[in-house]
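This document opens with one chain alone, in structure tokens, the form predicted alone.
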């Protein structure tokens, strides 16, 4: 996997010259630490579960669940709904049934752990710096209410909120990226997609957006693997949001 080296002064100058007007951010894993936050809530729940394995399994169900919507196997279902479907299945696999082994209120609150994810240490300061120069907003598969709660919980200083829910398509469908650009009144080339997931950035690039890769090695928790990527495939690579702000002159 390529290393993430700091940009040279020349590279920073080139980055500042690029005509970006807005930065869109993936959220789960890029802006917020879903593994650390959800596993901590599971640990505190008192349920007889392995918090590490359960959290990782919960997240693994995310992609297949969205594909069920994409294929038409499920009608449009927002991420809260998909998370609950995955949660109920995992609880059942572990011999736990809402209404019997835990109350429905407990299950619903556990599902809302995804509304209480903590930002990475650099997220708020980095986004605040970037906001001085650019419009900043999430472009997430999370539903609007979830993204609002995350912003309020973590103090994320967004200018706007863009959710797949607004477009009826999950990333990496082009409708999500192009829909956000349209609502901003910008051409795709004027928008920089920031993500820790190469697959997300490839979807954005295919829709004509610029791309910035910010790896989060701890995203998946113990033993978790990062997606492979190739040096040179993204417009920018940064250690974190502070580094990204420096590269963009913010």
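All of these numbers come straight from a predicted model, not from anything done at the bench. Numbering follows the first chain given and starts at 1.
The discussion below concerns the form predicted together with a further copy of the same chain, not included here.
The stretch in contact with a further copy of the same chain in the predicted bound form, judged by heavy atoms within 4.5 Å, is 159-167, chosen from 159-167, 91-99, 67-75, 117-125. Within 4.5 Å of a further copy of the same chain in the predicted bound form, a heavy atom is found for none of 197, 238 and 241. Distance criterion of 4.5 Å from any heavy atom to a further copy of the same chain in the predicted bound form singles out 184 from the list 49, 38, 210, 184. The closest heavy atom approach of residue 135 to a further copy of the same chain in the predicted bound form falls within 4.5 Å.
Proximity of residue 106 to a further copy of the same chain in the predicted bound form falls outside the 4.5 Å heavy atom cutoff. Contact check for residue 131: a heavy atom falls within 4.5 Å of a further copy of the same chain in the predicted bound form. Contacts to a further copy of the same chain in the predicted bound form (heavy atom within 4.5 Å) from stretch 138-155: 144, 145, 148, 152.
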